[in-house]
Each structure stands twice: as C-alpha cells, then as structure tokens.
Ligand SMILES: Cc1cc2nc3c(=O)[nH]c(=O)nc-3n(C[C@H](O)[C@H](O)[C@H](O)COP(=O)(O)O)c2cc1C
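There is one chain below, alone, in structure tokens, taken in the form predicted alone.
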Amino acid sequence: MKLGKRKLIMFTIIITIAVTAIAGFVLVQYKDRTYFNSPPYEAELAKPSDVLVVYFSRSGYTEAMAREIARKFNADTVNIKSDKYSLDFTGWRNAANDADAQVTSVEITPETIDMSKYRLIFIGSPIWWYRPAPPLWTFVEKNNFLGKNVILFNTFNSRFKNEEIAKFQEALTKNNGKLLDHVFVRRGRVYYQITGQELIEQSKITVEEKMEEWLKVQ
C-alpha cells in the first residue's frame, strides 16, 4: 500500500471518529435540555395514604418513575428542586462537576419534610457518575428518618456502583432510616436510549413485581 493511501485512510478514520464524537456531544446537549413531561399525577384526597414519594429530577425521567410509584400507592409526592442544576449547559456542567467531586450538600427546596405520618418512603433521583445525584444526599442529610422504611429508586444512562449505594445507605442509617430496597430503570447510552414511554412501562413492571413484598414489611 502506498504511503499516500495509508495517510488517506488514517485521515478518514480520524475524521470519522471526530464527527461521531461531536455528534454524540451535540445529541447529549440536545437531550439534556429537553424535559420529558410524563402524565401528571395527583393523589386522591379522599383516600389518605401513608406512603410518600420524594424525588429530584433534572430532565423528567426520574419524575416519570416517581409518578408511577405514586400512582400504585396513591402516595403523596414531593418534588425536590435545585436551581444549580438548571436545564441548560451551565446546569449540565454543574451536575457533571459536582457528581465527579462527590458533592453531597447543595441548596434544595424543600430542605425538610414532616414525615411523621408516613410508614413507607420512596426517595429517588437520577444516577450521576455512578451515584445518586447531590440533591438526594442533601435531603437525606437534612431530614430525620426515625423508624422509617425507605426505598431508593433511580433512573440512569450507564450504571451505578454498589459501593456508592452502600455509602448512601450509610448516610440514611446515620439519620435513623432503614433502606428496605433499591429499584431502578436503565435508559441506556445516548444512541440507543429507551423512550420516556418505555421507561414508564418498565417502572410499572418494577413496582408491580415488588409491591406485595414492600407492603408486607411493617
């Protein structure tokens, strides 16, 4: 093979890799600034519940899972907000930096919740850099889970690390909570992610499979 042809092949490969990387980044940025609006949920006030669902969701997918959990239990819900992780490039950069630095204390609203009337509490967030997002750590740090059974739920693109979930469990135990279970839905990498509707369906299946087991625990 002539040297000129080899250079052409190498140049083509480099250009292909660069274009793929740029396209992936652009797609991530587009998806990261698009909020998935799942079907709304409201608890039936005539049927008071002793189940609470607390969640942080930056792009709507964890909210979709939270709403499906709440629907099954007619649960009360609380949506944690954090302006630091806005749905733009700055928010994306803050999320990436804080997750990488394993930040566990950020400004959230609300910080504390009266959980005295609830028997079972679900808390959820996306997974960032293999661990729950910072707002969820903050919520656990600020609240007393005395005598409460807690189920952690997450959505994510890649994966979580068991050691990070164990650290989260330690933080919860420190504030008197008991981690009963951990459930999740994996969306997949950027080029082959499941749709929002598919995530909702998987959330329904996950809850239905576990619901009886959770209700048995007193």
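In this text, all values refer to a predicted model and were calculated from it rather than measured experimentally. Just count from 1 along the sequence shown to find any residue number.
Only in words, not in the display: the form predicted in complex with the named molecule, which the text now covers.
Using a 4.5 Å heavy atom cut-off, which of 138-146, 109-117, 71-79, 125-133 contacts the named molecule in the predicted complex?
Of the options, only 125-133 has residues within 4.5 Å of the partner.
F168: heavy atom within 4.5 Å of the named molecule in the predicted complex?
Answer no; every heavy atom of F168 is more than 4.5 Å from the named molecule in the predicted complex.
Is there a heavy atom of F184 no more than 4.5 Å from a heavy atom of the named molecule in the predicted complex?
No.
Can you tell me if S49 lies within 4.5 angstroms of the named molecule in the predicted complex, counting non-hydrogen atoms only?
S49: no, not in contact with the named molecule in the predicted complex.
4.5 Å heavy atom contact, R159 and the named molecule in the predicted complex
Looking in the predicted complex, residue contacts with the named molecule include R159, since a heavy atom lies within 4.5 Å.
Who in 93-121 is close to the named molecule in the predicted complex, meaning a heavy atom within 4.5 Å?
The stretch touches the partner through A95, A96.
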